[in-house]
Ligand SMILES: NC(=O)c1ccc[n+]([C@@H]2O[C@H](COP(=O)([O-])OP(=O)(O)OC[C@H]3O[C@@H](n4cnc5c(N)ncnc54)[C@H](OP(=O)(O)O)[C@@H]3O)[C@@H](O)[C@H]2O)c1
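First comes one chain, alone, set out as structure tokens in the form predicted on its own.
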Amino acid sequence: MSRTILIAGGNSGIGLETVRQLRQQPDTRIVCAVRNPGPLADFDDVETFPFDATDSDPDLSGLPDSLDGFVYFPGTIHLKPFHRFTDDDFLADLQVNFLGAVRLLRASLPALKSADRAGIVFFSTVAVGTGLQFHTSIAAAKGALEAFSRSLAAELAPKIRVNAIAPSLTDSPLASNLLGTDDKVEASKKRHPLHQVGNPADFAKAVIYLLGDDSRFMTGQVLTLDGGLSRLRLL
């Protein structure tokens, strides 16, 4: 049976890897709502239309009439001491990480409801469930997204499932400032019990799992993939 998946973002990091893996899935149509197609333009089987997560009134005329899956990737990593964050900083993180998802999903909901069953996947962060220094703004924005996803899962059951993934630090362009040197990479690995940072391919597999029938009994959950950072302490 053919299916249509809407990807918000998808032009780098975990999003791009997810698009690559979805392209290998049979009978899967991929539509990306993205500000800049970038490498997506090289895929002749991937459709794109403009979407800016910070636009309060985006033109979403490119949305498909029917959707079987919705994945929201846009995100930010702004880290600094709380006293240096301004109101505008907090609002900027909320716009990209939360309100952009709300706007796009609101417009996509009729298409998702038209499918026999559908799955929604959001991306949170390990910093929501684990207090981390300098993460107040992103943790607040992603915390709102997590709470939204749980409430939405209850509201849309049983036809539409809603889950989230909470990664730790991942080797992606978004985290380039935190992993820009070999020393930074090694220090980040040592903070994780598994002595590695996240790999986009692993998160892409999790997205495909949450969109597919193998997770048909799973909704309202936050899947924490963090190398043990949030739960383990090694002596």
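The numbering used is simple: start at 1 and walk along the sequence shown. These numbers come from a predicted model, not from an experiment.
Omitted from view is the form predicted together with the ligand, to which the following refers.
Of the heavy atoms in residue 12, some are within 4.5 Å of the ligand in the predicted complex. At a distance threshold of 4.5 angstroms between non-hydrogen atoms, residue 149 is out of contact with the ligand in the predicted complex. In the predicted complex, the ligand sits beyond 4.5 Å of every heavy atom of residue 67. The ligand in the predicted complex is not approached by residue 47, whose heavy atoms all lie more than 4.5 angstroms from it. Segments offered: 182-190, 24-32, 58-66, 167-175. Contacting the ligand in the predicted complex at heavy atom distances within 4.5 Å is 167-175. The three marked residues, 53, 97 and 124, each reach the ligand in the predicted complex, with a heavy atom inside 4.5 Å.
For the stretch 128-148, the set of residues having any non-hydrogen atom within 4.5 angstroms of the ligand in the predicted complex comprises only 142.
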